[in-house]
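Below, in structure tokens: the form predicted on its own, a single chain.
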């Protein structure tokens, strides 16, 4: 567990260890208040953020450490004046951990290859593992277990959150069904690898263009923004038309189990990927989910820094 680059790189045991630690950290924060004293986390941002920056920075503070915000758009690293390889070699001599929120996953891999400190993926075009650890923690809190549950994802299947959900669920024995338009299905290589993870854990992965099939009997209904940060404004109308059949409405939630919970990693737009009555309704756990970014990431920081083994 040297880095957190993608959940595909972590074993089921690695994931469970971090989730179990997150439960302890959340329940007894004072016990961990000085665990990262004199430790520094560098937070590299190429893409904008609300929850990622706040949760990591607050998490380091609560663990007794310090976090530095680094904006690539105003730095030599982002301006083409210094290579990522040179920058990260310098960073690794001054900091204890680094997290990066980047466009290209290949840049994250370059950082990991050329640094001597742990690297955390805070989002790339490939995956968003920190979000999914928080999601799994939330589901475990609400349902008491993970193995054997069914999560249904509706919306854009070809994105980092969907890919990481598929990896996390199939590695831990959760059934997952992805309901997406044909032209927005998950990446083939991700689907193929997750089919293997599912076989190993005894779970099932379904990818379909039928939202009703995806949601049927689900314990968890999950959606994400139709207009991610990188989507051009000119594509908005087309995407709304394409994804509207996959909107999570009260009627769609009724096709899941009666006690199903609703999740969205946020930001969310009411009237788009879900209706207001769903996200603001009694089945929604989106703000518990957002809070759990803090606790899950504190567990990641503790594990990767080596202070908790």
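Positions refer to the first chain, counted from 1. Since this is a predicted model, take the numbers as computed values, not measurements.
From this point on, the text means the form predicted together with a small molecule, which you will not see here.
- Stretch 266 to 274 is the contacting one of 64 to 72, 266 to 274, 247 to 255, 33 to 41, since its residues have non-hydrogen atoms within 4.5 Å of the small molecule in the predicted complex.
- A residue is said to contact a partner when one of its heavy atoms sits within 4.5 Å of a partner heavy atom; residue 175 fails this definition for the small molecule in the predicted complex, lying far away.
- Although the partner is absent here, residue 167 sits far enough away that none of its heavy atoms falls within 4.5 Å of the small molecule in the predicted complex.
- The closest heavy atom approach of residue 49 to the small molecule in the predicted complex falls within 4.5 Å.
- Contact between residue 293 and the small molecule in the predicted complex is found at the 4.5 Å heavy atom cutoff.
- Contact annotation for the candidate site: 101, 128 and 131 all lie close to the small molecule in the predicted complex (heavy atom within 4.5 Å).
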